[in-house]
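What follows is a single chain, given as structure tokens, in the form predicted on its own.
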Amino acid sequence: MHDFSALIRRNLPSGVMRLLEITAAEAEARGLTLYAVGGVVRDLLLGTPKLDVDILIEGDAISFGMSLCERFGGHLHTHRAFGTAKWRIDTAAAAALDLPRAELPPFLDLVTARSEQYAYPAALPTVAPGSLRDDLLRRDFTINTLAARLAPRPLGTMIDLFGGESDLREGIIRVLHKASFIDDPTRIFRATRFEGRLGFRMDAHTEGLIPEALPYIQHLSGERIQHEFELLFTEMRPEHALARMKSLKVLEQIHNALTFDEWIGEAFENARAFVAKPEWNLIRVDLSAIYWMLLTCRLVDTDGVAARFRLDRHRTGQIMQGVRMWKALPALEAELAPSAAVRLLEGLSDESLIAGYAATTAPLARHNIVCYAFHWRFVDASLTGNDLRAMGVKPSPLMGTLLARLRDACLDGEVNSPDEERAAVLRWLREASAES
């Protein structure tokens, strides 16, 4: 053990520091022992502090959360099966705490110290109240077992029961016991994610445990795997973890069609570069959706992969748009009139347009996508259906055909003013009359 308080005070924002002090004082008044655990301690030691703080309580976390809500306000969301609570700190609670809302995290996670048992591989655990050691022992990797005591004070004594600080210094991802990946195969995904994020590497013993655990990935529910991929797609460079999962034969255990290659890695990079362009600053783009599209757009069994991940209708719709974009790319690589490009791209989301741009290096295809995204899709004729009615065109399929043809003419520069549009409509009507 050693004093961790100086590092906390130096690196955490003052509002977060004061919130921890207030929380610790409340716990001490109730005779509770509190710790900051896991990611917040790890990231402080790495010099990359975050606002998210997990509070471990040797006692009843839900009751403690209720007492915080009663005194300061906010909202408490509980998960009684696991003894956890999330205290959401709203504006009123920040005022009651006498702390600037902008300096506070949106919530505190309050966790009852507990032990876990797995009835069978890949099952969700059965939990029971436990000690600090029990709780740290159930965690995935040694680097996530570090704890800093908040109460009883003095605040900041660090507890390292499993060599987590040493592994942080060495850049090692190490499991706590040999059945770790069998108990919970999602830890394999997390190991590759931490490798990519931190630039660490699993030690030989930990990596050597993966082959035996691979078959149990098939026992995981689609929702649990999807959750891990959604977390993966929030990473700065998710392709690093995907490449590791491919080399460890993890992806094929999820679905035999799922893979990763150099093309996907480059497409991910291209997508991030395009999203970073100033033109997209005013558009809220879901980068995760783009990653899903690029990962799946070339697959023969896209439906099967979506079903394995148990993607909801929204996500499934997004990846099907990615498939449509992928199939349109060969045609977009040709010299096209703007109206022809618009017909290929009409109705596609911003995410699928970016996925298409990222998926190709063909200059003409990229040109067509960019022109559509920033110009062509906003082009329309001046004349409306009301104008055509005034010209004697009755509501009918013919009216729809004329309006579509008029828009094509505007896109292709064949008409450039309302007068030219009227002249074109009258000409088309004469031609239609002559043919009938």
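On a predicted model such as this, the values are computed, not experimentally measured, just so you know. Residue numbers run from 1 along the displayed sequence.
The discussion below concerns the form predicted together with cytidine-5'-triphosphate, not included here.
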(message) Suppose contact means a heavy atom within 4.5 Å; in the model of the complex, does that hold for all of G39, R42 and R193 with cytidine-5'-triphosphate?
(response) yes
(message) At 4.5 Å between heavy atoms, is R389 in contact with cytidine-5'-triphosphate in the model of the complex?
(response) no
(message) in the model of the complex, is there a heavy atom of cytidine-5'-triphosphate that lies within 4.5 Å of any heavy atom of D160, even though the partner is absent here?
(response) no
(message) I'd like to check something about T259: if you look in the model of the complex, is any of its heavy atoms closer than or equal to 4.5 Å to a heavy atom of cytidine-5'-triphosphate?
(response) no
(message) If we define contact as a non-hydrogen atom of the residue within 4.5 angstroms of the partner, is D140 a contact of cytidine-5'-triphosphate in the model of the complex?
(response) yes
(request) State the residue from E58, E26, D408, D54 whose non-hydrogen atoms include one within 4.5 Å of cytidine-5'-triphosphate in the model of the complex. (result) D54
(request) Scan R187, R244, R174, R149 and let me know which has any heavy atom within 4.5 Å of cytidine-5'-triphosphate in the model of the complex. (result) R187
(request) Would you point out which of 42-50, 62-70, 363-371, 394-402 contains residues with a non-hydrogen atom within 4.5 Å of cytidine-5'-triphosphate in the model of the complex? (result) 42-50
(request) Taking only heavy atoms into account, state which residues of 141-164 are within 4.5 Å of cytidine-5'-triphosphate in the model of the complex, ordered by sequence. (result) N144
